[in-house]
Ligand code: HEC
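Presented as structure tokens, the chain that follows is alone, the form predicted alone.
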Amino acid sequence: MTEVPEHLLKKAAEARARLSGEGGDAASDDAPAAEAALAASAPVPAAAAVPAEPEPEPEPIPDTPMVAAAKARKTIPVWVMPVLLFLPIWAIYYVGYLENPPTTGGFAFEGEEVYAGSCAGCHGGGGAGGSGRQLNGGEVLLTFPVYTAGDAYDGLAGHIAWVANGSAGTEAAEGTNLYGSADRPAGQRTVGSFGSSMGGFASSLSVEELAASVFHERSQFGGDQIDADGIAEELEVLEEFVHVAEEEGIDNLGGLTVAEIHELLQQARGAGGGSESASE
């Protein structure tokens, strides 16, 4: 702090005396000078700090067309998320379904394959016949009709026995040259009457393959002699027939008579159910 000179202090005291009515006229002459000196000696207050004005916010940079398009694009709906989560499960199921088709489809497909490789050469790819008899148009089921509980003749058993034994095997097993249903409109078939013999397939086809080929012929060429329910029932019986034969230790159907195959089918019908399950 600056030290005030003595003469200025004296003048300041005289000025106060004048203001208070003391010191007379002489002191009044020096009053302005004393007051000026007192003012000069007083400390100068520091200037008040002026608050700084806030800087204006920068203007936003406009989006590029690509960014604007991305912001305007619709987002994925909420309901899509569960669907996306389910897709891997569905894919696993779908692949497994293709690799392991249902038993029904597999059995039917196998019958088509066996027929194409072992039967179509004589009976034709569509069953129209050739060196072998006609099968399509319901002809096959006129010879080997759909079985109903109590029938005297089991057409399904007769069909299996005929494919397994062929012409020569049928005569040997049955002791007759007749085969098929006696109720056929044109009468019961006679071995060799067509001009060519039927080969037996028991030695070249497994029980499953032979049963599958029989199903293919009946389901594809049966015409109006069999409906969808009848086809489904025969499929169920034939699939079960394969299991029964396996349980009985039968891996070759050659030499079995129609009656013996009928007994195996009856076991299958009893296990599989359906309208054919009733015993005679």
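What you see is a predicted model, and the numbers here were worked out from it, not measured in a lab. In case it trips you up, residue 1 is the first one in the sequence shown, and so on.
Only in words, not in the display: the form predicted in complex with heme C, which the text now covers.
F194 within 4.5 Å of heme C in the predicted bound form, heavy atoms: So F194 counts as contacting heme C.
Contact test in the predicted bound form: S181 vs heme C, heavy atoms, 4.5 Å: No, S181 stays farther than 4.5 Å from heme C in the predicted bound form.
In the predicted bound form, V140 touching heme C (heavy atom, 4.5 Å): Contact check for V140: yes, within 4.5 Å of heme C in the predicted bound form.
Heavy atom of A108 within 4.5 Å of heme C in the predicted bound form: A108: no contact with heme C in the predicted bound form.
Selected contact from A173, V207, V146, C119, since only one has a non-hydrogen atom within 4.5 angstroms of heme C in the predicted bound form: Looking at the other structure, the residue within range turns out to be C119.
Whether S131, H159 and V163 all lie within 4.5 angstroms of heme C in the predicted bound form by heavy atom: Each of the three qualifies.
Among 163 to 171, 67 to 75, 146 to 154, 82 to 90, the region lying within 4.5 Å of heme C in the predicted bound form by heavy atom distance: Of the options given, it is 163 to 171.
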